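Before any questions on how it binds or moves, here is one chain, the form predicted on its own, in structure tokens.
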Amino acid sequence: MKMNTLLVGLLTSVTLVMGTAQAAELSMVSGDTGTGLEFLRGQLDKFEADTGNTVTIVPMPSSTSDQFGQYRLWLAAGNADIDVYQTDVIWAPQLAEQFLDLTDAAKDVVGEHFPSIIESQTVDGRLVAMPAFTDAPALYYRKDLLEKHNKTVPTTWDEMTATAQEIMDAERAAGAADMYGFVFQGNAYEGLTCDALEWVVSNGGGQIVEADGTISINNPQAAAAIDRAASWIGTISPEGNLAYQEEESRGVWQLGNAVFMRNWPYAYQLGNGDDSAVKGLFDVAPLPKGDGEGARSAATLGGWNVAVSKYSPDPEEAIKLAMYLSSSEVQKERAIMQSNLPTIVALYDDADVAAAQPIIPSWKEVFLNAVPRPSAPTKVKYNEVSSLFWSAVHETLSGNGSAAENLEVLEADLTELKGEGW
């Protein structure tokens, strides 16, 4: 009996030691906006309860440009403190060598996701990140104001400009002194690349750099699209819009001070929150198109993924975390609670998602107009390409030269960069 008690005690001790050894202390970085970090923490709490692991969030700036710069520094230094990275859809070609291949871990679930999104995260046959949610922006509009002023939802940028101006002027005359017609992301950062790419593509002006590597940005259609956007600053858009990122745009919109807004799906749920001045007063539509040959609605493909650092001291547990955060369970909750678009096709037909977020099934139309940023043809040089592009656009928006002048300089800079090798 004494021996049996001793043996049980010994086995219990061994089990405890093994259990402790299996538990991992993981860290992941995230630059989520809005209530994204709060949602992520809730999901990580569930993961911790299920696995015994602990996960610390290292918050990042909301600017994707700042995030990428920090990621690149950490990974280049072989930083072992970060196990899992939340990555933008465009970063896979640039950071692939620093991330583990998830192909084997994902073999049973990879078919659930949109093939194009899996393809975007596959570099040289290696799946370097699992999709967590996808993104495509839309035109947010005040349906109450359009109805009040007997206007329809604009389908072209010129219509949007005219409608925004007319309603803004009428509302201001009626006492709404802070009303503007349109807010967007005008700061000099990756967000402006997204906005401006939509203006250019929707006007038949190409995709900055084409899939075959051709530099196409210096053309009249692109210049006209950017000049049109420059005309918004100080008229239908505030001067301060030159410094707006997603959250600044949402702030103006959610206070009830804009007729139209360009933003991502996350703003839909927040705009219908109890503290929102526009709760129940707005809807979304595909972004307007330009004019002339090739004009169409265009929405920059966005989205976020989870990648595992090859320097992680606990790669197996880190991979488990990546697979969990990209799972159908988490994506469904994210869709319901955050109005983020799933990358898992079946969730667009999920009754619970449709009931909680009726906008998500209808966002398919927006998603069908999605266009990729030129990260595939420019590979490791994409960040520099984007920086040169958003700088040229921001110069034009700020009144420092015409779009034609700035795009000519941009073309020369991109040609020189391409000469160094993409």
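Keep in mind that this is a model prediction, so the values were computed, not measured. From 1 onward, residues are counted along the sequence shown.
Not on display, but discussed next: the form predicted together with a small molecule.
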None of 135, 317, 83, 171 but one has a heavy atom within 4.5 Å of the small molecule in the predicted complex; the exception is 135
Given that the small molecule is left out here, which of 267, 230, 90, 335 has a heavy atom within 4.5 Å of it in the predicted complex? 90
Using a 4.5 Å heavy atom cut-off, state whether residue 189 contacts the small molecule in the predicted complex. yes
Please tell me whether any heavy atom belonging to residue 357 falls inside 4.5 Å of a heavy atom of the small molecule, as the geometry stands in the predicted complex. no
Examine residue 373 and determine whether its closest non-hydrogen atom to the small molecule in the predicted complex is within 4.5 angstroms. yes
Can you tell me if residue 64 lies within 4.5 angstroms of the small molecule in the predicted complex, counting non-hydrogen atoms only? yes
Would you mind picking out the stretch of 109 to 117, 213 to 221, 148 to 156, 299 to 307 that comes within 4.5 angstroms of the small molecule in the predicted complex, counting non-hydrogen atoms? 299 to 307
